[in-house]
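Quick setup: one chain, the form predicted alone, written in structure tokens, and binding and motion questions come after.
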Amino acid sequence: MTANTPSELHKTVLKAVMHTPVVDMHTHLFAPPFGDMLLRGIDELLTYHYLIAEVMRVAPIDSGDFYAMPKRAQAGLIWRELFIERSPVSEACRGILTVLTRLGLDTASRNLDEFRGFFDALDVGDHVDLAFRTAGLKAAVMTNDPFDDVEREVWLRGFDPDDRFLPALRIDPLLNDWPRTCEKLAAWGYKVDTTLNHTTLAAVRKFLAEWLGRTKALYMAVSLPPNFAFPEESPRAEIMEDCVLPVARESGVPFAMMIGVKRGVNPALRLASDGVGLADVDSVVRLCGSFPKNKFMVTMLARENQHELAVATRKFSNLLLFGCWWFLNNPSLIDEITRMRFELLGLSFVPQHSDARILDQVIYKWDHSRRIIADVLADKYAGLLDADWAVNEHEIQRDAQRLLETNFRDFLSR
């Protein structure tokens, strides 16, 4: 069927984008064998750090007293202050209402205990099935940190994998805190030294290769500060060039960089304390140009970086631009950034990932993002209609699948 009018076109595009299964290429979710590391339910949603930062601006309580409260009391405070005493217009608040509505709950009741009862009755298996089905997820890529003692033990013990939860090896401590990480590696039997001599670099490469093999990770990833630069005289740059990139190249896995987070802007807020800063796109350009046989995936946190990063992406086939990350995951910014990326990159990027830390967040993040992606894509197709280029339903479905799954899968296998 060919969509011949803007109205028909929008309906066809919305249907295709909303119903195409997605591979969520970056989350902080965990498969059920990781136990309590898989966060889920209404109290986890309400005490997510987005809402903690928001409530601390208005609640009659300081951060120390807030964090001393039990989680259910924290959630109750946030519900009262942000949903009852004020209209829940922020994206983080609206997202919770979307989750409840999509799960068939009556948000008009405003009854937190009723919502708790619904989630408390779900065992973990049923909850995962429900969340993935409601969100239209085919798979979610985890963030797997071999330096986290609890998570490490799960990998060493072994477990039956769930094909819906795909691994990615997160190496922030290795690149951002070498002295402390060196101590850990030494305690685990690796021959390392803070001086990064030949023996140490070989040991780090061995560690990375072993954990890529153990986890079967799809890619390696790191979150980097705004002042990240390459090249530079630093342990991070040396380990990246002499260890991470060679191992990634030999293993055929991409190296994902998420750049622009300022850690601990207000330490009293703990996980809610981070900010955003302008990053250096030229460092990404130098990496892609200097290591053409490596694959890079990049997202940046600052809105001001997005145009330059999209232009840089045009120049390198070994670079995949992905997502509207963290503070960019707001409708007005997703709309603006996605439009600009379509105009510069066509269909050769990944428009979104959920970055979900709580299972139920995939429901609202994909519901909201899909609608925006569909609106923008329909506008771009309307431009084709103006040029007498007809688009049919099969082509729209093909393009939706590229954006929501195939571009990521193809980049991994390239």
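None of the values given here were measured: they were computed from a predicted structure. Residues carry their position along the shown sequence, with the first being 1.
Beyond the structure shown, there is the form predicted together with ligand RAT, which is absent from this document and is the topic of what follows.
Heavy atoms of no residue among 15, 352 and 398 are located within 4.5 Å of ligand RAT in the predicted complex. Picking from 65-73, 23-31, 382-390, 369-377 the stretch near ligand RAT in the predicted complex, with a 4.5 Å limit on heavy atoms, gives 23-31.
Scanning 155, 326, 316, 230 against ligand RAT in the predicted complex with a 4.5 Å heavy atom cut-off leaves one residue, 326. Proximity to ligand RAT in the predicted complex, taken as a non-hydrogen atom within 4.5 angstroms, holds for one residue of 180, 293, 216, 263, which is 263. When contacts are judged by a 4.5 Å heavy atom cut-off, residue 223 counts as touching ligand RAT in the predicted complex. In the predicted complex, none of the heavy atoms of residue 364 sits within 4.5 Å of a heavy atom of ligand RAT. Although the partner is absent here, residue 341 sits far enough away that none of its heavy atoms falls within 4.5 Å of ligand RAT in the predicted complex. Using a 4.5 Å cutoff between non-hydrogen atoms, residue 276 does not count as a contact of ligand RAT in the predicted complex. In the predicted complex, ligand RAT lies within 4.5 angstroms of a heavy atom of only one residue of 169-197, namely 170.
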